[in-house]
Every structure is written in C-alpha cells, then in structure tokens.
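One chain follows as structure tokens, the form predicted on its own.
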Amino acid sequence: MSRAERITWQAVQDQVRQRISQRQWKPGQQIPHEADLAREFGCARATVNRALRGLADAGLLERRRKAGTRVALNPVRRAEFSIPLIREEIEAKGQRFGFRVLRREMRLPPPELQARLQIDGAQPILYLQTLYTADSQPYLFETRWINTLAVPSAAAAEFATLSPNEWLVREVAFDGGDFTFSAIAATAQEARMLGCKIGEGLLVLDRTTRHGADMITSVRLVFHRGYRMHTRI
C-alpha cells in the first residue's frame, strides 16, 4: 500500500481544521487548490475533495465553482444532537426505567400528519400514547404515530418488554428526519400524566424520522417539569 493510499480523508480534514482554528488560514482567505493540497499531504485529490466537502457541510469552508475554496467569514456553529434510547437516558442518571402503553389503536391520521408522513389518509396507521417513568416518577409523555404501511410488523408488536421507542430503534433503520423544539403550557392531560400544574411550562420535542423515501414515525415527546437537555458544539 502506497503512502497516498494510507492518508485518509479524515486525516486531511483534521489538518485543515487545525489550520483554520490556529488562524494559519484566516476567515475569508482562499486556501490552496485541491491539487496543491493533495501533493502536500501525499494523497489522492479525491481524498482532499471529500475532506473539504465535509468541512463545507459543517460551515467552516465556503466552496464556489471556479472561484476556489475560502475559509468562511462567519463559521457556522453546529450543535451535535444524539437520539438516546429513553431507557438508556434514564438509566444513565442512575434511575430505574419503566414504561406503560396507555393507549393503542389503529386510526386515521389527521390531514397535517398525512402530509408530514407523506401517506394517503384513507388507511389507518398505529397510534400510541406511552408514559415513561424514572424511579416510578413521570419522566416523559409520548404520543406516537407509526406508519404501518412502511413498517407492517409494528401492527402486531406487543410492546410488552420493549417500549415503542426501543422497538423502533431495534427493528427499523432510519437515515434522516427533522426535529422541532418548543415550550408549551401543560394541558389538563399532560399535567395529569406528568404530575404538574395545568399551564406549567414544559419542554416538547416533535420528531419525524424516515428510511429512504419512507416516513417511519412521527412522535411528540413532552418532558417532565424541570427537564434539561444538553448538547455540544
């Protein structure tokens, strides 16, 4: 194996990132051409191209056809957000995990959900309400729709030992989706489920996930009073 074959795009990316952070290449400055960087690092030009594309996607570089690549004037700071299993999140805090499915039925989704899941509303899909607990105290109230047209096995899943959250993670791969964070005033139902007062402020995460062209699930997670979410940039 030649030295060029041993240099990975991740290694090139680390070198470029370091030069940017140490201001060897300043904001707005044009960086060397790919061919020049490939010679310097001793790798294929395609390796450099992949490294730079990744940094452009991360907001550190600006790439324009025929104009070269520059360090971004205002680099975008992107937060890294992982989707932990609810069980793992609770157990990581040293608490005992529990859940119970409160409601389960096949029902027609409302029009806005049909549009979100990109399905024809003429056929019912699986609707679930689940309460998750930590040391027997309310932790999270989940309302979930599962597109059983894309995941037929969900219709027969018992969710006795695996929560809907964990069952989907294990059974169905997903490769994209979207998140919306918001704060709401607790409704009567949410106050009853989460042991808080009506009108109290709660954190909500609405999430839709997909696999390829198929929309898999749409879920609303309403967290207990005082819940804090941590991420990093």
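For the two forms, the rigid core is made up of the largest set of C-alpha atoms that agree within 1.5 Å on superposition. All residue numbers are counted from 1 along the displayed sequence. Since we're looking at a predicted model, the values are computed, not measured.
The protein also exists as the form predicted together with the DNA; that form is not presented, and the subsequent description refers to it.
Using a 4.5 Å heavy atom cutoff, W9, K66 and T69 all lie near the DNA in the model of the complex. In short, of 194-202, 180-188, 165-173, 31-39 it is 31-39 that has heavy atoms within 4.5 Å of the DNA in the model of the complex. Residue contact with the DNA in the model of the complex: N49 places a heavy atom within 4.5 Å of it. Shown alone here, L60 lies farther than 4.5 Å from the DNA in the model of the complex, counting heavy atoms only. In the model of the complex, no heavy atom of L55 sits within 4.5 Å of the DNA.
Mapping the unseen interface onto this chain, K26 falls outside it, with no heavy atom inside 4.5 Å of the DNA in the model of the complex.
Core-aligned CA deviation for A67 between the shown form and the other one: 2 Å or greater. Relative to the superposed core, V12 undergoes a C-alpha shift of no less than 2 Å between the shown form and the other one. After superposition on the rigid core, the Cα of L52 moves by 2 Å or more between the shown form and the other one.
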